[in-house]
Structures are given as structure tokens and as C-alpha cells.
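The chain below stands alone and is given as C-alpha cells, in the form predicted on its own.
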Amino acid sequence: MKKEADCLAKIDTESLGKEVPVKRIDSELREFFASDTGIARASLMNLAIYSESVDRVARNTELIQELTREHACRALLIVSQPGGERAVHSWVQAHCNIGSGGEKAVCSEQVSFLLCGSSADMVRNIVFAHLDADLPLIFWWQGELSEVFEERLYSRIGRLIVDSRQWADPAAQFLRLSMAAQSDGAEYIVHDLAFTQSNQLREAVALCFDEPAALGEVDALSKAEICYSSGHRMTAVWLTAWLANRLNMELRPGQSSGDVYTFERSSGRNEVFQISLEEDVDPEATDCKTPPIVRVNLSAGEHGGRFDIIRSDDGQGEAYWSLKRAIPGRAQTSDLWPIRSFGDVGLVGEILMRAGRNRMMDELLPQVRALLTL
């Protein structure tokens, strides 16, 4: 019992709502919605957040509360603690949107679990026993993939959200995901938050070449520089793979090392394209306010065009991308592109809104794995 008490003492339960026995979860939720005729239960999906870190409990509850403002769901928050006495503690609460008159209107459920002495079968049984039936399962795995990530779990997942920024060895983790995807029971779609972070940068790069004169410089591009914020190298790697893919380039492993990658046009014209990565260390940076990519520079040689995407600030706290095109024989042009939030809520919300097969990430993954092994 002492080991179980030690497990419970590690987490801050204040944000988790009302503690109830596992067998009372469904009846407790029914009583909640029956007690107030002015509210309605809403659920379009199951969203499970899995973590083996006790430090994220309060923050994950905040994330669920923010996500349910736009995405009605049954949210399962699972905190897994392997080793020690086996025990399950559970809590329930509801996150309600407020109507125009200030009254509660539509509510989503959150069911939280602390699994002491956790194992793969315990996690699997808890998740599957408390899903909202017939609704898809989006599984947000936080941190390193552990032995809990096994076929009997991921065979039931519709979308798997991971974050390669948190991985000590991204190459090994992506290999594990690729091997799992080849198994008969795997049908899930993978989303990496580090890749999702690159969405608006990819849009900004494409915008640089929306003019006919700029588009004519694409085949002459020979160099790119990507400056990324501390802790966001994986987003820079995804952007590197995307640039090479769009320019139809193949990696030259023997001429690439560290943060300098050399590519060759697959057309066989013996033309090379070099991409270099540089870390920008900002002690005041935060995930929500500082973009993962600070600057992207593209150039077509000494006498060719140059395209710059630079994070700028209007002096009043509003940030945006400054897109500049310098093409020989033409006046320099520029555009402004808004910077969206880079926090986890915005990234996961974007995944839930876009849905789709995430084919671009699948297409780029072999290239990303090759870059990570250099």
C-alpha cells in the first residue's frame, strides 16, 4: 500500500475533478448531465492523451479544456507509472462551453486515470473499456515510445499524434513507427507535431514563388539556409526534406554531415543543392510566441535570385513573416504573412481540423530518416 500511496503522491490531482472508483465512472457522468437540464453532452471523437510523466497532469487538463472549445470529444487522460504496486485511480469532470446568456451549453467529458504499476495490458484495457463507442480514437502519445506501444493497442488507433521534438533518438523512434505500420493490424495515420509546425513555413516558401518571374528561378536554386529556434531542430529537418522533395533532389550522404546536407537533382544534370541548418538560441523564447523556424534564405547562386523569409515584429507584440524576393532585372517585392500560434493546442487543433491521410508526411519520412542517420 505504501508504494501505491507513493505513486499517487507524485501527481497534482487538483485539476482532475472528482475522484471516483473506476466502476462508478459512467454512472457519475450520467448523473452529472441528468442534474442540469440546461446542458448537453457532445462528443465527435475519443481523444486519449497518454503520458509517462507526472509533471504534465495540470497542463494536459488545460490542453483538453482548450481543445474541447472547438472539438467536442470524450477525453481520456492517462498517466502511466510502471513498477510498484498495481492500482488504478480515476477522476471525472466536464468542460463546458458557455452560451450567449452566460449559461452552460455544450459539455465534453474528461476521464483521467493514474495507473500505478502500469503495464501494456493495463493501459490497453483501461483505454478500450472507457471509449465512447463507435467514435474514432485519436491517441496523443507524449514522450518516448515505450513497451506500452504494441500491436494490440495501436491496431485500434485511428490517428496517432507524436512529437519528435521530445525524442532523444528520433531516427530509432521513426524506425519503430515504420515497423509497426507494416504489421497487419496497423491502420493508424501518424501526425508529428514537429511536422505540423512546418505547415505555415511551407506555405510561406510556396508564396515566395507565386509570381512568374520568381517561379522561373526555381530550377536555378542552389543553396538554402534554415535558422531554427532552440529545441526545434526536428521541424527544420522536416522542412529540409520537404524542400528537397519539392525540388526533386536526392540526398548525397557521402557529402553531407552534421547540419549541412548536399542534394543532387534527380534529373541527372549534376547540379547540387545545399541546405544548412543553424540553431538560434533565444533565452526568452516560448513555444507559443516563438516560431520553430526563425529564418529561411533561398538563393540561386551569385548572380541569381534570392528569397528571404524572416520573422519580424511590428514593435507592438505582433509577429509576422516578412517575405522578400530579389530577382535580377526586377524591382524587389515583399509580402507579409501572419504567424499563427505554435502552442500544442494550435498544432493538435490543426490536425483535428484538417484530418486527411497526411500523405506528405508519409512521403517525406524516408528522407527524414536518412537525414537523421548522417
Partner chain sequence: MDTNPFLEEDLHIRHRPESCTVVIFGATGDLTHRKLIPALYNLAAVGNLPPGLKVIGFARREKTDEEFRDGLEEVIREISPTTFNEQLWQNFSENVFYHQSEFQDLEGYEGLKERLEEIEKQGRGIGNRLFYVASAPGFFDDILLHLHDAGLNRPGPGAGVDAWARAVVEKPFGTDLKTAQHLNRVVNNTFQESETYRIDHYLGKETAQNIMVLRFANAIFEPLWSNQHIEQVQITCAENLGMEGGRGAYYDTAGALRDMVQNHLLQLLSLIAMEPPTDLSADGVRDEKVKVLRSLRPMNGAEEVGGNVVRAQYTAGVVDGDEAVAYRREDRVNPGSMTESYVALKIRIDNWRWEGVPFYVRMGKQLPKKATEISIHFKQPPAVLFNTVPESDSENVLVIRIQPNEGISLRMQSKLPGPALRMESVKMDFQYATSFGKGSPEAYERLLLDAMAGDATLFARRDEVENAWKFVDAIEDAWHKSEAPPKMAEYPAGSWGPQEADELLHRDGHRWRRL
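Positions refer to the first chain, counted from 1. Keep in mind that this is a model prediction, so the values were computed, not measured.
Separately, the form predicted in complex with its partner chain exists; it is not shown, and the next lines address it.
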From the candidate stretches 175-183, 208-216, 222-230, 132-140, select the single one in contact with its partner chain in the predicted complex, where contact means a heavy atom within 4.5 Å. 208-216
May I ask you to check whether S334 falls inside a 4.5 Å heavy atom distance of its partner chain in the predicted complex? yes
So in the predicted complex, does any heavy atom of R69 sit within 4.5 Å of its partner chain? yes
Taking its partner chain as it sits in the predicted complex, is P338 near enough to touch it, meaning that at least one heavy atom pair lies within 4.5 angstroms? yes
Using the partner position in the predicted complex, report whether Y154 sits within 4.5 Å of its partner chain, counting heavy atoms only. no
Check for me whether its partner chain, as it appears in the predicted complex, comes within 4.5 angstroms of all of A42, R330 and M360 - heavy atoms only. yes
Select from the listed residues V190, L247, L277, V148 the one whose heavy atoms reach within 4.5 Å of its partner chain in the predicted complex. L247
Students should find that, of R354, K18, K10, R24, the residue having a non-hydrogen atom no more than 4.5 angstroms from its partner chain in the predicted complex is R354
